[in-house]
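A lone chain, given as structure tokens: the form predicted alone.
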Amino acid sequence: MIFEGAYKRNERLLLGALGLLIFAVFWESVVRLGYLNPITASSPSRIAQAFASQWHNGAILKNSRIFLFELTVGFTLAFIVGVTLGIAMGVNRLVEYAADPFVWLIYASPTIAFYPLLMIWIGFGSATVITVTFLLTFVSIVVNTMAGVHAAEPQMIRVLKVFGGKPIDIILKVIIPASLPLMLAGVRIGLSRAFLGVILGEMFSSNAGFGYDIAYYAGQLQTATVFVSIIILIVIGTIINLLFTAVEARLFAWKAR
């Protein structure tokens, strides 16, 4: 009974782990039996060896620090600018009309094509990676925040004005709570785009980080080392997604009551 209860509580985790284990055994088997080229396809055992090597030489911790720094700075800037501009565009039609062409111009433009110019303007390294991350991220936050502001109840705003509410009161007590669901949807989209922005930025305009390692070691046909970076990025992305889901559930806990 104890084991049955523990299984039911952790059924998803246990079945997921079992599925990964079966896949790893299958992958290792087909490589060892010669059905896949170990140089191009690698194998779980080779990836484990590459992981141990990179862990001992400090490359994993170094790349993790660089990646998380660039992701945090780029996303934080996009969040601050995106929410502020989205609210301003939502409450003021003149700001919306003035800023809207620039927002959609950035959204529609092929950001990757600007890499050479950004490297000339900003330089080679984290500054360019952060800039690209910002450009890829903030549009989704702006658009969703503005849509959330437009969804606010006009009647609530009028009532607050009647009772002497100031513009800051209207924003804090009506507009932000009303726009929160759509704003968080934009933040979730922005997080995934920020993740992509950092990886692409490190591939094209950096000499460090997981993106750089993926591009460099793929060119050297060291696929096991490439898989190490990919797996770590998957783990980081999963952790960030779980943390965001927990924060989102906390913010909307009142809906479950």
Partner chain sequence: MHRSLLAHRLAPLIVGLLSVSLFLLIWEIAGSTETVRSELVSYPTQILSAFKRLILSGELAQNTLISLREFGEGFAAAIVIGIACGVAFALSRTIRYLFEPIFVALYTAPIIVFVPVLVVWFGIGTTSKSIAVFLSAFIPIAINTTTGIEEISESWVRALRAFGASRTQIIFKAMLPGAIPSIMAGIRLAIGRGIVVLIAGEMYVSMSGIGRLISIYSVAPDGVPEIFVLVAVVATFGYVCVLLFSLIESGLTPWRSHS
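Residue numbers count along the first chain shown, from 1. This one's a predicted model, so the numbers in the text were calculated from it and none came from an experiment. Superpose the two forms; the largest set of C-alphas matching within 1.5 Å is the rigid core.
The same protein has a further form, the form predicted together with its partner chain, not shown here; the description that follows concerns it.
Although the partner is absent from the chain shown here, S109, I199 and M203 each have a heavy atom within 4.5 Å of its partner chain in the model of the complex. Figure note: of the listed segments 87 to 95, 141 to 149, 73 to 81, 127 to 135, the one touching its partner chain in the model of the complex, with heavy atoms no more than 4.5 Å away, is 87 to 95. Listed residues L68, A215, A208, A59 were compared with its partner chain in the model of the complex; A215 is the one with a heavy atom within 4.5 Å.
Residue contact check for L221: one or more of its heavy atoms lie within 4.5 Å of its partner chain in the model of the complex. When contacts are judged by a 4.5 Å heavy atom cut-off, G123 does not count as touching its partner chain in the model of the complex. A residue is said to contact a partner when one of its heavy atoms sits within 4.5 Å of a partner heavy atom; L243 fails this definition for its partner chain in the model of the complex, lying far away. In the model of the complex, none of the heavy atoms of A48 sits within 4.5 Å of a heavy atom of its partner chain. Interface residues of 38 to 69, taken as those with a heavy atom within 4.5 Å of its partner chain in the model of the complex (partner not displayed): T40, A41, in sequence order. If you fit the rigid core between this form and the one not shown, you'll see the Cα of A17 move by 2 angstroms or more.
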